[in-house]
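Here's a solo chain for you in structure tokens, the form predicted alone.
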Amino acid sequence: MSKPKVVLGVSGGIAAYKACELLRRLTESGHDVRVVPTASALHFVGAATWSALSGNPVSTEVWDDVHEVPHVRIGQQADLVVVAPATADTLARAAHGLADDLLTNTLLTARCPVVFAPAMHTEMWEHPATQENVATLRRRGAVVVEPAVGRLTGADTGKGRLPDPGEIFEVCRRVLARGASEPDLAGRHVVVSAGGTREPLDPVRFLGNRSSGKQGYALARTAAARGARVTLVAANTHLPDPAGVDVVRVGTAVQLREAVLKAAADADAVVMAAAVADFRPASYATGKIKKKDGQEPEPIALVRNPDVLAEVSADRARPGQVIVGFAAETDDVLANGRRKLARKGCDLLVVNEVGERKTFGAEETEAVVLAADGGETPVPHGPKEALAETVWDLVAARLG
């Protein structure tokens, strides 16, 4: 079988050097990559580097090898075009259909999925002109991932940093897997919670659970690859930020509730994949609780935490908002799941069996997605991203 053909466009920004890592991941995973830099990009990384890493010739001009008509053929033959980094200038030229170099010609002739990974200073990203250009590209079906927040050129810090190359690769892999399918979540804002809350008992101890956050992160990555604007409320996770996702970090159930309600105010869908503690200690010891010789420890009194899933289901921030819950069960999985679906009032409930060596922390899972209208969608044992795709298929169908 022929290798999937990927065009890696590289704009003239300082983050161009990071595209070398993206190129390595693409080639090592079996893709045939043609790098098409802009002339400005070659000031940061030379053509020899791109050619050596990709194994393919590199050019910026439409006048090179004209007998092969590269300005047409490269885009026509591609299975995916990804531009990383995409500067404000490149986004503007792509949005306005300009074709003054090989990269912009390639973008005009491509009929495959296109991914842009912007990188620029915060003021440039937030400028109305850039935001209108991004909106135009998304409306036409391109996936434009949100920039990361972090250190920029010099001493500046803010939104505009190129996402981690490994996370951009994950977006590309998911977009390629969907083929020519339109990004069906484009223009949608979705909220995903992930991880497990921790309820402090004293400065060094807490009540928690085994959730790693991997399923929530898979949901966030998949939604971003399908074109959504994603807010990920992450509770006590140690995973890299997914590309194109706004991450809000929380610790306790109360903090998670506040973050989810705030983000859900303008969301089209809310997926509560986090393992939220049902109870928290009634009191917090400001000093470490000491072990006393010959004495049994004092009982720990617990109080209920807010039921965030039931709250967002009962008081939806906007008409048509789709709410998805997760139910981690250890016995009578489906029966308990159906009761929980009715009690919580959500549209969909993902039910899976959990245990010390099941689901939590694993790379794979299996589940049944129960619907409020009585439907059941089994998801066989497999990668957590497969379950994520199924969840978003069901959500997209309900969003219409």
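Please read these numbers as outputs of a predicted model, since none were measured by experiment. Numbers follow the displayed sequence, beginning with 1.
From this point on, the text means the form predicted together with a small molecule, which you will not see here.
- A heavy atom within 4.5 Å of the small molecule in the predicted bound form is found for exactly one of Asp79, Asp101, Asp202, Asp307: Asp307.
- Interface residue among Ala225, Val230, Met272, Val233, judged by heavy atoms within 4.5 Å of the small molecule in the predicted bound form: Met272.
- Partner proximity in the predicted bound form, defined as non-hydrogen atoms within 4.5 angstroms of the small molecule, places exactly one of 366-374, 342-350, 29-37, 45-53 at the interface: 342-350.
- For Glu182, no non-hydrogen atom is located within 4.5 Å of the small molecule in the predicted bound form, even though that partner is not displayed.
- Using a 4.5 angstroms limit between non-hydrogen atoms, Ala148 is distant from the small molecule in the predicted bound form.
- Interface residue remark: Phe326 is counted as part of the site for the small molecule in the predicted bound form, having a heavy atom within 4.5 Å.
- Under a 4.5 angstroms non-hydrogen atom cutoff, the small molecule in the predicted bound form lacks Val114 among its neighbouring residues.
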